[in-house]
Every structure is written in C-alpha cells, then in structure tokens.
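Shown next as structure tokens: one chain only, the form predicted alone.
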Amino acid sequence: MDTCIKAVQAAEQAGAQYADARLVRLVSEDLALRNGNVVCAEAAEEFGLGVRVLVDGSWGFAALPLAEGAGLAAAREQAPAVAARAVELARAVGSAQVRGVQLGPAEGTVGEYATPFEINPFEVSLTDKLALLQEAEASMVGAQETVSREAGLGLRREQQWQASSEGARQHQVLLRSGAGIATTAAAHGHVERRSWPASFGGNYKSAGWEHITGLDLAAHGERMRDESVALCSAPACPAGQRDLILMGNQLMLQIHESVGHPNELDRVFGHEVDLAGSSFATTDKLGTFRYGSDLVNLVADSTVPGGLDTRGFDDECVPSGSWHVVKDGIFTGYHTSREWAARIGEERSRATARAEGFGNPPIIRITNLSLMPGDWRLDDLIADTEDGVLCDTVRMWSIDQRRLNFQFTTEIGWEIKNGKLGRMLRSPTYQDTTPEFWNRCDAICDADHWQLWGVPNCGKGNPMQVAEMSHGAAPARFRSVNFVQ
C-alpha cells in the first residue's frame, strides 16, 4: 500500500487534481489435454504499478512492469517517476480536450476483500490436476466418429492494492477457477461439437478447486460423445416461427450481448464506436423504454457469491453494489464509471470501472448481470409448449454494432411438439432484435434451475482489454421466434 500512496502523493505534487494508483500481482495457470496429449501447460505471472491522474480535466495514465523478485522496494523507488509520467501525458493531451472530465463525489473507502474458497487451486499438485483431466478426457473415448476429445482447466489469482488522492486505501485478493470438456465428431459430411458444462472452456466461478471437482466432468463425457455423433446425422432445425426455450448456458450469452454491452454508458456516448460499436439504448430511453416483458428483471450485482466480477471495490475505488438494469421490463440503469455517471447527472458510479492488469486504465465493463428466476419447472414449461425448440449451449453468434439485430446458433436443439421433447435438431439458429426478443419472454424457470455462468474472455477497448463477469439464468421461453437455416 505504501507504494500506491507514494505514487498518489507524487502525482499531486506534480500538479494532478486527482490521482489513483494500483499495484497488481496476477498469476494464472492453464492446462489442457486433447486426444490424450497435453496441448497447453502454461503458468504466467505479472507484477506492476499503474497510475492514473486527472489534470485540468484530462486523464493521464502510466504503468511500470516490475520483474518477479524485484519486490516492493523497487516499486516504491520508481513510483514517483511513474506518477510524473502520467501527469506529463495528461498535460500533453490537454490541447485536444473537447470536454473536460468531471468526477462524481469523492470515494475514500478503506477496506479489504478476498474471494472465499475451500481449497486453494494453486496448492493442488500438477499430478492431481492432470489426473482429473485425464479421467475427463478418457470418458469421451468409444466412438469411431470422434475426431477430438478435449479437457481443460484454468485458474487465476489477482492481488491488488489501490489508493487514491481522496483517501481510498484498499486491498483485494480475487480468485477464480474453471474447467470444461468438449468433443467433436465427423460423419455424413458434418462436423459437430458438444461441450459441457458450457462452450469455450467450460464454466468459471470465483471459487477454489472445489468448484472444478464439483463439475464432475467425467460423468458427462459419454453423453457429450454420443450427442456429438448423433448430431452428424440429425436433421437441421427447420426454418420458421416457433417458440424457443433457452437453457441457461445459452441464455447467459444472450444476456451478455443484448443487455450487458448495450448499457455500458461509454458506448452510448460513442466512446467505443471504433472497435466494438455503440448502443441502441440511448439516454432518452432510461426509465421509460420497454426493454422486455413484465417478467423480465435483469439485475447487475458485483456482490453475488461466485460471480467472476464479485469483489469489494472496482478499479476506481468505488464499493461494489447491485441495481436493476431492467425492472419489470423497463430499462432503468446503466453500467457507469465516476466520469460517465456524472455525464447523465447520477450522483454516484455503479462501480463498474475495471482494468486488465496493471498496464491499462479502467474502463466501464459489464459486471455480473443476471435474469432473475421465475416460478416454472422445466418439465412443466416443456409440457406447456405446443410447437417449439429447446436450444442448449452456444455455438456461434453475430450482433450488429448497436447491439440491436442478432443471430445465435446453438450446439444442439430438440424439437418440442404438443408438450413433449422430440427429435434432436442440428444447428438451431434464431434471429431477432433485442427489445422484440425480450418482450417475447413469457416464462422463466424457478430458482432451483438458476445458476451463474462465467464469461472469462470479454474483450473491449482500444487497445483491447479482457475482463471477466458472470451471468445468472434459468431456462426461459420466448414466443414466436424466427428460426433460419
């Protein structure tokens, strides 16, 4: 903490009206097998200091990587130079200023936060980690159509100290663990993939090794193998309008792309147009726009247990919290930072400014954002559906630069006729526009079906920054959705 305080004091002495500093030590492990061979075995570590300053309405940022073993003494020694560089850069860009930055009220919280866990995954032996993945990968053996069997896990631990010129003094230790399996089959001119518990690496949570063992990967390998093979001869999902039931591991990405990104306030003001697009959810819609049906309640919460963005404070020293993005179908809240909250007259940031590592300034990021559960059982929801498709596990997707028009394809689907699950369907693909889609929601399963799904690889910014967040969801039904081939 002394290093951060020293950097902040040096920035003030150099002329900054505001300054914050973050010292970050980040360690990660990634391990993966494919067809019995180790294809990834990485252990990375980075350590460094980032200083952000505000000088006459302009931001300046500078960072310093620190060699492992250099220790805190080296960081303290170089902190004033990093702060001085940040002030120099803020003054350099001042001549291009169009509108000066104004921050919300001071955030001087002092505190600590640590991710709760039972078993430290970094203390689990490599032998045990390999044994778990080998068992999971072996569970998918047995079909000649199988061309690939994959099992992998990922771990991340971030220790962060931060201080600000407003008196904030904070220390956090954030831990996440995750794992998954996937198998690919080729037959009859088709190549089909099945993943569990979710695609793109599995499911991740803020938790320890107990989360990975609790996934019981090997228990699901045989089913994934058989479904990938069966998909190669399954009929393609027919085009036309029918009801859609989305399972949680697909609905979570729907939330991410069509609700999370559109209400990052910097996008709304065009700050992200160059890379990731803007947003249809303009400020004139706040508080009045019908985003979805009365059943749709979407809550952002950086305190929910297990969320990948569950923490004590964001990277602007603002304490975590929760709020409705959509309440009873009405659009009611943005993701904000201290700078952007002030642009719309809100008194305080929603604590959603985060940076990747020490070497980037914080920008607005989606936090844990969830669709609140309803009161249906999945079996009852299927029985209540006359003509529909149940879709499971995202395969690919596309959404326009305003987050309005989209198309999603899932790995697998099942036809629903007269309230019963029928034949397996290959590559179910549905299209819609964001508000029309969420207004089609007429049923959501209950809390027993609800769970958090982690997104460990969300990209935003220029230069690109990667952030992590979770989305909670239970299976839900959407009426009269358009399917295409």
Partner chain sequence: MSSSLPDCRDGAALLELAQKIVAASPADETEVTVQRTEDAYVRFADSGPTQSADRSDLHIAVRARLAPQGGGPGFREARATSSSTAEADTARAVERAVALARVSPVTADAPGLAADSCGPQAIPPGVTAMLDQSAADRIAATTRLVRYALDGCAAESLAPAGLVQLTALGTALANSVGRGVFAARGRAAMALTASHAQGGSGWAEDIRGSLTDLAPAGAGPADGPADGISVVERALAKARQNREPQSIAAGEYTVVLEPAAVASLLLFASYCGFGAREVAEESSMLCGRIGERAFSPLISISDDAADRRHGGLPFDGEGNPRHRVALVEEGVLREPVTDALWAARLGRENTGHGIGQPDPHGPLPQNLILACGQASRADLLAGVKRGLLVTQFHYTNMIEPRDLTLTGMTRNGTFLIEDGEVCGPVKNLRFTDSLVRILANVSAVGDEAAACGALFDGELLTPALRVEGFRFTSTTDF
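Numbering follows the first chain given and starts at 1. Computed from a predicted structure; not experimentally measured.
There is another form of this protein, the form predicted in complex with the partner chain, and it is not shown here; the text below is about that form.
Peer 1: Given the stretches 140-148, 373-381, 219-227, 243-251, which is the single one in contact with the partner chain in the predicted bound form, using a heavy atom cutoff of 4.5 Å?
Peer 2: Single hit among the candidates: 140-148.
Peer 1: Looking in the predicted bound form, is the partner chain within 4.5 angstroms of a heavy atom from every one of 107, 283 and 346?
Peer 2: No residue of the spot touches the partner chain in the predicted bound form.
Peer 1: Applying a 4.5 Å heavy atom distance criterion, does residue 409 contact the partner chain in the predicted bound form?
Peer 2: Answer yes; at least one heavy atom of residue 409 falls within 4.5 Å of the partner chain in the predicted bound form.
Peer 1: Is residue 361 part of the interface with the partner chain in the predicted bound form - any heavy atom within 4.5 Å?
Peer 2: Yes.
Peer 1: According to a 4.5 angstroms non-hydrogen atom cut-off, is residue 61 in contact with the partner chain in the predicted bound form?
Peer 2: Yes.
Peer 1: Is residue 88 near the partner chain? Define near as a heavy atom within 4.5 Å, in the predicted bound form.
Peer 2: Yes, residue 88 lies within 4.5 Å of the partner chain in the predicted bound form.
Peer 1: I need to confirm a contact call. Of 405, 322, 102, 233, which residue comes within 4.5 Å of the partner chain in the predicted bound form, counting heavy atoms only?
Peer 2: By the 4.5 Å criterion, the partner-contacting residue is 405.
Peer 1: Work out which of 173, 239, 72, 396 lies within 4.5 Å of the partner chain in the predicted bound form, going by heavy atoms.
Peer 2: For this set of options, the contacting one is 396.
Peer 1: Which residues from 16-55 come close to the partner chain in the predicted bound form, meaning a heavy atom within 4.5 Å?
Peer 2: Those in contact are 31, 33, 34, 35, 36, 37, 38, 39, 40, 41, 42, 43, 44, 45, 46, 47.
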